[in-house]
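Just one chain follows, in the form predicted alone, and it is written as structure tokens.
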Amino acid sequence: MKFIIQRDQLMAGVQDVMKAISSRTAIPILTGMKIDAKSDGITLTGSDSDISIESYIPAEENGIVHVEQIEEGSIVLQARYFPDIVRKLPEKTVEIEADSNLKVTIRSGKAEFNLNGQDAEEYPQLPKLQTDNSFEIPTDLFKSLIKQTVFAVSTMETRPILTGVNVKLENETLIFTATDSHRLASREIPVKESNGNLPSIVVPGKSLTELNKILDDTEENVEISVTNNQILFRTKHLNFLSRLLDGNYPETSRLIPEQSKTILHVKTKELINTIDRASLLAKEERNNVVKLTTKGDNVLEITSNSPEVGRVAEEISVQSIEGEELKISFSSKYMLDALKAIENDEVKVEFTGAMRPFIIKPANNDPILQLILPVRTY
């Protein structure tokens, strides 16, 4: 195997696949990175058996040559050393060569590294996803879907199913839902040209977080396909494969209150800043509880009281308050996460009493919904 490649292209591909490589894995060869050279380009692969990432660097694209003098072959290199070597090479191009004894030479300018490779035949074959169940969505939309939901997954392994995001496609609508049983985030988007429906699946939150970091805003679409226990996200240069979580996701639709007793319209940024300040004195407690009280004339009071530290109170004018008066306490962290995820200048907060979950939506009725359970304070 031998090729000469642009260092920046190689580095970008290496950084992507590194996100799937773990130093703690049951299969020793998975601590390495697989390099496949074919006449049309180079494919890098990393996997920890939960997530597998393939990054493809075409030999030539739009008239620009990325890889040249390719002699086909494949090798597995130690992922602990390879990225740092590539990053620090002196020249813009890198020559990588592997001989029949699995010895690898990396040359750039006057620097030369010799590494011991491993046999690529021993690297586990990634499952090839052949599936009719696939659809495409714009990358930027997909990234915002992840961002607006994935923060609400559970970090507790006690209920593994809640550490994932529930994904389903029905009636040409793609729905993402995440909950840790104290809060819930959901978002839906229309999907054209999908082949039928996608049964409800649960994608590990960790996989989506990593995918979000890798996906390039310049890519136009992400193609998503699902088989029995794997999901594949594919763009022009990237295959991202993740296992799915086993089990049934709880039915979340019944958590969402049908009617509300108090509705606030408020500027998102003002509410974020006020709650942020109120939470400064609530650091000691686990959930940083703050209290919201409606006062007449479209004024809210946000307070936080921590007996050892002190008390903070701030009044904030809102666009409108409809319905009953209200006093409610909630986790400032959950509220801030929800407000930041919505990405809209104005939000509508709907309450159904002090002890019932309340929901936050963008004022423009975008189908994003954040639900939070209040905290009992007596």
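Residue indices: 1-based, along the sequence shown. All of these numbers come straight from a predicted model, not from anything done at the bench.
In what follows, reference is made to the form predicted in complex with another copy of the chain, a form of this protein that is not presented.
The contact with another copy of the chain in the predicted bound form, taken as any heavy atom within 4.5 Å, belongs to N114 out of N171, N114, N101, N228. This chain is displayed alone, yet in the predicted bound form one of K128, K295, K110, K92 has a heavy atom within 4.5 Å of another copy of the chain; that residue is K110. Shown alone, this chain has one stretch from 199-207, 229-237, 77-85, 138-146 that lies within 4.5 Å of another copy of the chain in the predicted bound form by heavy atoms: 77-85. Using a 4.5 Å cutoff between non-hydrogen atoms, S320 does not count as a contact of another copy of the chain in the predicted bound form.
Contact annotation for P28: none of its heavy atoms lies within 4.5 Å of another copy of the chain in the predicted bound form. The closest non-hydrogen atom of A59 lies beyond 4.5 Å of another copy of the chain in the predicted bound form. In the predicted bound form, another copy of the chain lies within 4.5 Å of some heavy atom of D276. If you take 291-312 and check each residue for a heavy atom within 4.5 Å of another copy of the chain in the predicted bound form, you get P307, E308, V309, G310, R311, V312, in sequence order.
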